[in-house]
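Below you will find one chain, with nothing else, as structure tokens; this is the form predicted on its own, and questions on how it binds or moves follow later.
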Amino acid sequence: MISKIIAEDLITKVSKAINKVDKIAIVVHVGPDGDAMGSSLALWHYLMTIEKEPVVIVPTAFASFLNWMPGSEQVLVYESNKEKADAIFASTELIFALDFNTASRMAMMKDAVINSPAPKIMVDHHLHPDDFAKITISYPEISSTSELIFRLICRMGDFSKINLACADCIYTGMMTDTGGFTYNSNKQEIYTIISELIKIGVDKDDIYRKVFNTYSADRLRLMGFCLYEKMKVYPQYRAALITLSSKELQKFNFTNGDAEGFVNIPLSIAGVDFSVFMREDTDKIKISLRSQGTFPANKVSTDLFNGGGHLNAAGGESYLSLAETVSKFEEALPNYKDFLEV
């Protein structure tokens, strides 16, 4: 039995909003990850089964290890299809905003979405949601937006409309947003949902291989370089840091998604409870933070890097140089010593 976490009035509002329209756009955050793609494609498949006209629009391209996902070939990338996407936003009747809590996370797509006359429905699991949506479904205690999409579909009475393609996408989002169920995943109902997805036909072992075991040789060499040359451990703070400059990324023919999971690796070191990964992007430093136990990765992200997230998994960004960002992090580490488990 799965508890009814989403409020009944929200279920009713979403169901009515869907039923009275045909054209529906689904949008996610910049640099879409497994949960963004999983939740958006799962919703896309569901809407297709009830004979709507959905389209998934992402600000920037998603990682190649997600190309196998059913329906991914139909996704419209705003960065390279702006004119077409803008026309869709201007004419669509409803917009679902998935897996982000603030409009700025849509980056260059933000204005087109916000200015669209279509009502917006946010479905997300991050703290402190903005109020740009007409309907907001926000439950930070849920480990992934994909899980929320599963719950939403079921509560609308349409569990039977979850086909295998939809189930594959839900499982992928749940798996990737918990690091293969290694954090934020200690609630019984997660595994009840997984059981239901397997009954539909999901091959969880095959999905794991497709997501985590299809990287390039360059990616493995980059990982080795990170661990041998670029990882710094701070034993007194039970912390570790990995940094990569744009020059270093180019050396290993970096493509989007190649650094996925790097931030988790130092947590396998005895005595390390907090790990940070920084890499240079075109105009900023992208930052991922992971922790275990009670150390608040999201607090560090919010305090230092204009970000946020969950207790054990968070993200942020810096507009300082990489060296300055590292210095800022190192200078702040003593402030978080009281949160460390000893």
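Quick note: we count residues from 1 along the sequence shown, nothing fancier. Not measured: the values here are computed from a predicted model.
One more form of this protein should be noted, the form predicted in complex with guanosine-5'-monophosphate (5GP), which is absent from this view; the next part is about it.
Contact annotation for His45: none of its heavy atoms lies within 4.5 Å of guanosine-5'-monophosphate (5GP) in the predicted bound form. Taking the partner from the other structure, guanosine-5'-monophosphate (5GP) in the predicted bound form has a heavy atom within 4.5 Å of a heavy atom of Gly315.
When contacts are judged by a 4.5 Å heavy atom cut-off, Arg219 does not count as touching guanosine-5'-monophosphate (5GP) in the predicted bound form. Though the partner is left out of this view, Lys299 does not reach within 4.5 Å of guanosine-5'-monophosphate (5GP) in the predicted bound form, counting heavy atoms only. Contact check for Lys23, Pro54 and Lys120: none of the three has a heavy atom within 4.5 Å of guanosine-5'-monophosphate (5GP) in the predicted bound form. Using a 4.5 Å cut-off on any heavy atom, the one residue of 98-115 that reaches guanosine-5'-monophosphate (5GP) in the predicted bound form is Arg105.
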